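First, one chain by itself in structure tokens, the form predicted alone.
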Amino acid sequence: MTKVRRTERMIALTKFLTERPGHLFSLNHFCELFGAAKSTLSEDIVTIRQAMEQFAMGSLETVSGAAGGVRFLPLKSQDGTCAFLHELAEKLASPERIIPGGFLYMADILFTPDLMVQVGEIFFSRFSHLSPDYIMTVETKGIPLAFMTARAFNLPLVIVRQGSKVTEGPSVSINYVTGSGKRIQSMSLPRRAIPPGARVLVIDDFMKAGGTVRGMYDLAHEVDVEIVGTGVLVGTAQPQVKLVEDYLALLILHEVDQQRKIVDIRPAL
């Protein structure tokens, strides 16, 4: 095997780790790949960790023991989070985004991978201590940010359907009342999508009164799983009392005035 120089090895090592956040790589894997001793790789890992922490790019966690190794944790700094959310709020504050009913057009933001990767890392930074087993969202617009959150956690994503699909086998379905429109709708989850007793983190794109998230809570209860936390990208300031109590909104929508063309949206953190 051709000898790999230290610079090349560290670049490749960083690439492997950051491409798969949360994945535990054994040192033996890298020893065989690079033809290097564990002591040499340990020195590389220390250098990479120091650089990541210096530039607030995340961190590396080492796990000791026979089943141990190293993994990348995509932790966002408080300063980096605040700067990103202020920038995102400015994008969403454009009057051209106003939709009748007090809503904002957000599809272009939600389907921009670079932005959703950063949102996912913020949710990871805020919720990693809860140790969820699955990420859950409801179709459809919440999927991109929930998927990137699942990537940051290195966890499976479970998608609640608004209606059942015969191609997904037996499902559990419930009816729920939307918080803002007070309309009765249904949602379902395939029985094989998630095992009983699992810990679930709920992620969604928008919350007004909280009816949809409340529906996911009720559905989770029906399939015997535990909701450990809830994160939404945008929550409205009104109504103040939501149908769910414990949740984290990254941005708060305070006002949408269609006549004056004013959008008041600010970071919550």
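Everything numeric in this text was worked out from a predicted model, so none of it was measured. Numbers for residues come from their place in the sequence shown, where the first is 1.
Below, we turn to the form predicted in complex with a further copy of the same chain, even though it does not appear here.
Contact at 34, 48 and 117 by a further copy of the same chain in the predicted complex, all three, heavy atom at most 4.5 Å = Checked in the predicted complex: all three residues contact a further copy of the same chain.
message = Using a 4.5 angstroms cut-off on non-hydrogen atoms, would residue 4 count as touching a further copy of the same chain in the predicted complex?
response = Yes, residue 4 lies within 4.5 Å of a further copy of the same chain in the predicted complex.
key: Partner proximity in the predicted complex: residue 168 to a further copy of the same chain, non-hydrogen atom cutoff 4.5 Å   = Yes, residue 168 is a contact residue.
message = At 4.5 Å between heavy atoms, is residue 79 in contact with a further copy of the same chain in the predicted complex?
response = No - in the predicted complex, heavy atoms of residue 79 and a further copy of the same chain never come within 4.5 Å of each other.
query = Is there a heavy atom of residue 156 lying 4.5 Å or less from a heavy atom of a further copy of the same chain in the predicted complex?
reply = Judged by the heavy-atom cut-off of 4.5 Å, residue 156 is in contact with a further copy of the same chain in the predicted complex.
message = Looking at 126, 141, 199, 71 here, can you tell me which has any non-hydrogen atom within 4.5 angstroms of a further copy of the same chain in the predicted complex?
response = Of the candidates 126, 141, 199, 71, 141 is the one lying within 4.5 Å of a further copy of the same chain in the predicted complex.
query = Which one of 130, 177, 83, 107 is close to a further copy of the same chain in the predicted complex, taking close to mean a heavy atom within 4.5 Å?
reply = So the residue touching a further copy of the same chain in the predicted complex, by this definition, is 107.
message = Counting any heavy atom within 4.5 Å as contact, can you tell me which stretch out of 237-245, 49-57, 218-226, 63-71 lines a further copy of the same chain in the predicted complex?
response = In short, 49-57.
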